[in-house]
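Given as C-alpha cells, the chain that follows is alone and in the form predicted on its own.
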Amino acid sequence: MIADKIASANRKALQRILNGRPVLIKVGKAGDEIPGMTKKTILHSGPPVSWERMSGPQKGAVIGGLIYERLASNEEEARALAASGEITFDSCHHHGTVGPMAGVVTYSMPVWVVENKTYGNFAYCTFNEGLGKVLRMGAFSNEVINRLDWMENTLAPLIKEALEIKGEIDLKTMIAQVLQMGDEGHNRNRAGTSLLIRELAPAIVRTKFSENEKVEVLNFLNGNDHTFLNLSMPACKCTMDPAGGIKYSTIVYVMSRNGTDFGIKVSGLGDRWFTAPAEIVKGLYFPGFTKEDANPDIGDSCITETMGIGGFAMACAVPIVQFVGGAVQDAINYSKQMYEITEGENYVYKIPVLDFRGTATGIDIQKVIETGIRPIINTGIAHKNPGVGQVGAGLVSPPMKCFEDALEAFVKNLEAEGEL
C-alpha cells in the first residue's frame, strides 16, 4: 500500500537526519570553497528571485556586495550592474550554502566549511557581522564595507589559522550542549558563541598574529552573540541535505525565504521549490519602528527550524520571548505543538523543561495539512528599505499554500505513476 511506502520513506528520511554529524572543518574563501561560484556570482537567501523582484533589504545587500567586491564604486553603479544581466544571481541552497537574512554571498567573502561526516556532504556560511547596520539586513554604508574588509583580511585568516591549530570541532555535540544552556540555535546564541570562543581561544593566542589583532578578534567574537548562528545554520544545512531525494517521502528538507517569497522543498519531490508570498513577522520592534517599516520574512536561517531547533526548541530558551514577544508558556507551547506535525524526535537535541524530550524533527507536509498547524519560526525583522538594517524580531510561519501545493504535486506524481 502507498501509505506503507510513505511511512517507510519518512522513517528513512528521519533516520538520515538523526544520523547526521556536522563538523566544522575549516575556514575558506567563498570563491574557492563553494561549488559554482564566480567573481560575478551573487548568492542570496531563499528560493531563486530576479533583481527586479528582490525585496529592499536583499537589494541593499546586493548593492553592498558589489561595492565590497569592487565591481561597483557606489550605489548608482551597483544598481546599474545588478540590473544589467552581467551578474548571476542564485539561491544559496543551490550551492550547499545558507545565509542569514538577505543571505548575500560573494566571491571574496570568508566562509565556514562544515562537513556531515556521516554522509560526506558539505555546507557553507559566511561569518556573522554582528547587529545593527550590517550587510545581511540590507545596509551598505562605508562602515559596513570596512567591517567586511576587516573580516576578510584579519578576522578570517586569524580564525583559519586558529582552527588549523585546534583541529575540527564537532558541532552536533556543541548544539546539544547549547540547548541545555539556554540557547535554541536561531535567535539566541549566547551559549553557542561562548562555547565556540572557549574552543578557539587557546589556539587564537598561539597564532602568528599580533597581540592587538588577537585582542581585536576575541573582542569581536565576544561582542557578537550571533557568531554561532552562522555555524548552527550550515550544521543544519548539511544535516538536512541527505534527507532530500527519498522517493515517497513527505518530509520537508528545506525551508527558506528571500523577503519576497517563502519556499520549501520536500524529500520525495526532489529539488523543486514550492513558494508563496512571504508573510510579515509578528513581533517586537526597536524604538522608532513599527510594523509599517517591516519587510516580509527573509533569510535562510529557518534551516534551523527545518532541522528541529530554533523555534522548535524555544522551550530551551524561554527568555527569548523578551526579544520576539509572547510569554514563557508560549515558548513551551510552541515546542510541544511541533510534535503534531513531525515524524519523530531527536535523541541528541533535547529540551530540559520537557523532561529532556527530544526536539520535534522531520516536518511532514501531510501532518501540516491535516492539523492546520504551521511550523513556528523565530526570526529578525529587516526594514523594508535598503540601507536601514534590523528593526525588530518576532515569530512567523511559512504560508500554508507552500504545503498545499507540495501535497498536491505529491499526489499528482503518485497518480501519474499508477500508485493511486
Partner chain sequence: MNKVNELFNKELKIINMGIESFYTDLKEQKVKVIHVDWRPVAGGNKKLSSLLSKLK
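Residue numbers count along the first chain shown, from 1. Only a predicted model underlies this, so the values are computations on that prediction, with no experimental measurement involved.
Note that the form predicted together with its partner chain isn't included here; everything after this is about it.
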- in the predicted bound form, does S50 have a heavy atom within 4.5 Å of its partner chain? no
- Query: So in the predicted bound form, does P35 come within 4.5 Å of its partner chain, heavy atom to heavy atom?
  - Reply: no
- Message: With the partner left out here, check for me: in the predicted bound form, does some heavy atom of L407 sit within 4.5 Å of its partner chain?
- Response: yes
- Is there a heavy atom of E415 lying 4.5 Å or less from a heavy atom of its partner chain in the predicted bound form? yes
- Note on the structure: Within 4.5 Å of its partner chain in the predicted bound form, heavy atom basis, the matching stretch of 386 to 394, 371 to 379, 27 to 35, 349 to 357 is 371 to 379
- Message: Only counting heavy atoms and a 4.5 Å limit, does any residue of 1 to 18 reach its partner chain in the predicted bound form, and if so which ones?
- Response: M1, I2, A3, I6
